[in-house]
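Single chain ahead, by itself, as structure tokens, in the form predicted on its own.
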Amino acid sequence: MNYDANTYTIKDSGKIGTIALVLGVVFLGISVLGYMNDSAHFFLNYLTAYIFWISIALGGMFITLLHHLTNATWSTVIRRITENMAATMPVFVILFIPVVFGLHELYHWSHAEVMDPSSPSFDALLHEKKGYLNETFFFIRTFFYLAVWTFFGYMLRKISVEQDSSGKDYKLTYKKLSAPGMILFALTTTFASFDWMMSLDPHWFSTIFGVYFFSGIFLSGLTFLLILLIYMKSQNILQNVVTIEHYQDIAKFMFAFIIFWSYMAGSQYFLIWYANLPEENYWFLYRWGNTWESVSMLLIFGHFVFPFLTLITRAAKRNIKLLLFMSVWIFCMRFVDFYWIIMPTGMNEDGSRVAFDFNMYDIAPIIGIGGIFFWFFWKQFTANAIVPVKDPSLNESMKFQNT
């Protein structure tokens, strides 16, 4: 990899993007074998991988919007990375196509017979939700979510790249874009979590589910950001630009949102468990039986207790090796979280819930979609300067010191 420290550009990006693309294609091909073996299990795996990776792109979008709305200076040096994370949305528009074809495998409410009062499979409760849970409205909403995210991802990056050549101060322009962008981000991510995940089990509901999803989005974006920054540091890229002070601030956010995610997860669980209503608590009962209890315990201790105790000190947040380990660890826990939400909704032919059985066909879509995502991200990221070189706050950001 050939990096020019004077222009902040990567002249030769190496084979990273090509390797990611090859891995993506190969493992998506392996996923097709999974489809041939068990189509219902394939679509659940694919949806899990899709939401996991799109949450990283959405995390980048949120960080970028937050940066502009708060007039932050410390994060200027990392802004180009988060912009390019958000700008990968066109990939996810294309990658949603398999979900379209798997709609009937994934979503019980999409079956016509459950909405037909004359059918033996009629479901009175789902019939009452027909105005919202129907295929046409589902696709309209999904198109809207992806269109909104694609637009803001494209515009945030476009204006930033233009600033590299024009040198203009786009602070007001960014604010005018980011203010409505943040509102639409909150609405679309909330409803996307309802549509794509909560409606997998359409009898169940949680009013806190959207916030729970958001907390995970931010964590996903932060972990990907830290892993990439530490990798670039190992390649002597952005030395003395992104400093230990920036790593500490990112780690602060990561630590805070580990707590926030845990608070949302705990609030959802304890309120439902304490009320002890059969129409609500069965969702957790499924995840505490049929071999899923080990995954539930992993989330409690792996997604909260261990990261909380490890990152609680200032020294931990300034230890690069420890931050890399914890970023990779939490990155994996984010996948476990989505896997735990989505996979237990699958049904066996006898009507029972699927048991926990993690295998190659579970891994293949993660690497497949991840390879395509990273290839597109890396291609865009290395096409221009990797920091906003003419942003007025760049020098101040490089000199940032924690207090």
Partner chain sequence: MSSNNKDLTDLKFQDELLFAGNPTFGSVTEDVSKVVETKPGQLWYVLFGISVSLTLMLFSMIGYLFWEGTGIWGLNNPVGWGWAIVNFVFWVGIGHAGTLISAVLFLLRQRWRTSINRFAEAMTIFAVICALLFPTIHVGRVWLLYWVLPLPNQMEMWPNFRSPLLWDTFAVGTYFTCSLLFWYVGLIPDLATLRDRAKDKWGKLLYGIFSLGWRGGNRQWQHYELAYLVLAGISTPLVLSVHSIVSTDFATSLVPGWHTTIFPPYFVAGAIFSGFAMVMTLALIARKVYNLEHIFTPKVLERMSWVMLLTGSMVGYAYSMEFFIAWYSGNEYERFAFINRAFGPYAWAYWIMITCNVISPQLFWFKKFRTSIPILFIISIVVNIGMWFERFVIVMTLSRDYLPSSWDYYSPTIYDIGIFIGSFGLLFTLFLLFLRFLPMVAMAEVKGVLPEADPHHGGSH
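Just so you know, these numbers come straight off a predicted model, no measurement behind them. Numbering follows the first chain given and starts at 1.
Heads up, the form predicted together with its partner chain isn't pictured, but that's what we're talking about next.
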Between the options E293, E280, E162, E135, which residue brings a heavy atom to within 4.5 Å of its partner chain in the model of the complex? E280
Within 4.5 Å, heavy atoms only, which of V100, I94, A315, L172 is in contact with its partner chain in the model of the complex? L172
Within 4.5 Å, heavy atoms only, one stretch in 329 to 337, 271 to 279, 78 to 86, 229 to 237 touches its partner chain in the model of the complex. Which? 271 to 279
Quick check: do I30, L106 and I140 each get a heavy atom within 4.5 Å of its partner chain in the model of the complex? no
Does F400 reach its partner chain in the model of the complex, with heavy atoms at most 4.5 Å apart? yes
Could you tell me if Y286 has a non-hydrogen atom within 4.5 Å of its partner chain in the model of the complex? no
Is G210 close enough to its partner chain in the model of the complex to count, meaning some heavy atom within 4.5 Å? yes
In the model of the complex, does H111 have a heavy atom within 4.5 Å of its partner chain? no
With the partner left out here, which residues of 74 to 90 have a non-hydrogen atom within 4.5 Å of its partner chain in the model of the complex? W74
